[in-house]
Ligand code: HEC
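To begin, one chain is listed below as C-alpha cells, in the form predicted alone.
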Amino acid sequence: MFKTLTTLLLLSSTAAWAHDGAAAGQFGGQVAAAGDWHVEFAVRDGGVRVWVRDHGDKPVAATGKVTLLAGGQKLDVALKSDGEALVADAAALQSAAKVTAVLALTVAGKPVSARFAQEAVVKPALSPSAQAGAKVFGEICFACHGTALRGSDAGPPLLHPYYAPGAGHGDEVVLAAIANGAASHHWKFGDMPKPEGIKPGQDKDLLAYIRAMQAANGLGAAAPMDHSAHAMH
C-alpha cells in the first residue's frame, strides 16, 4: 500500500514541473494545482514549507496540516504561518530523503488537498575533482543551495530541471555565477551574491560535483528551455 501510494504521488508531483508562469515554483519546490489555487511544497532539513498562491500569482492565506511518510514512519504535523509560507517542523526530516506528503488545507474557507513526493537523493561515486568540489560545497555553498542540493530558505535547488545541462544554464553560466554571483530573474530569493572563500580552480571542482549529482539524479543533457535570462537565481 505504501509503495503504491508513493508511486501515484510521484507521478502527480513530477508532472507539476511542467507548469510555468503563475504555476511555476518560486521557492524551489514542487507545484500542483488545487482548485482555484497553486500550492508549492518543499522539503527542508528539519521540516517542510508550503506556499499557496492564486492564479494572479498573489499569496493567499491558508491553514492546515501535513501528513508525512518518510523512513517508513507516518507523521501528522500542523502547519503554522510564517510570512507568505506555511511551515511545519520535523526535526528528523532531511531534504535528501524519500518523502511523501499529503496536505490538508483550508483556503478562503474551502478545504483544499494536495499531494507531493520526492525520491531520495542519489549520491554517486565521485571523481577526484568532484570530491574536492563536494568538500567546497559543504563548506560554502550548502548554506544557500542546501545540504542535498535541493535548496534552502536562502537559495534555489541545483537538482532542478532549470539547471540541467542544455536547459539554459551551461557550464559557462554556472562558472560565471560562482565567480561573480548572479542577478535574480526567476526565484524569490533575490540576487545571488558572489560566493566568498572559493580559491582559484575550485570553481571547476564545484562544477564537476554539481554535474555529477545532477546526472545521478536524472538531470543529464536536456532540451533547451526558454529563459529570459541565464543566472543561478
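Because the structure is predicted, anything quoted here is derived from the model rather than measured. Residues carry their position along the shown sequence, with the first being 1.
Beyond the structure shown, there is the form predicted together with heme C (HEC), which is absent from this document and is the topic of what follows.
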- Assert contact_stretch over 88-96, 70-78, 155-163, 106-114 against heme C (HEC) in the predicted bound form, heavy atom within 4.5 Å, equals 155-163
- The listed residue (Val60, Ala208, Ala177, Ala32) that reaches within 4.5 Å of heme C (HEC) in the predicted bound form by any heavy atom is Ala177
- Message: Just checking whether Ile140 would be counted as a contact of heme C (HEC) in the predicted bound form - the rule being heavy atoms within 4.5 angstroms.
- Response: yes
- Consider Gly46 of the chain shown here, and say whether it contacts heme C (HEC) in the predicted bound form, taking contact as heavy atoms within 4.5 Å. no
- Task: Please check if Ala167 has a heavy atom lying within 4.5 Å of any heavy atom of heme C (HEC) in the predicted bound form.
- Result: no
- Message: At 4.5 Å between heavy atoms, is Asp36 in contact with heme C (HEC) in the predicted bound form?
- Response: no
- Message: Pick out the residues of 101-134 whose heavy atoms come within 4.5 Å of heme C (HEC) in the predicted bound form.
- Response: none
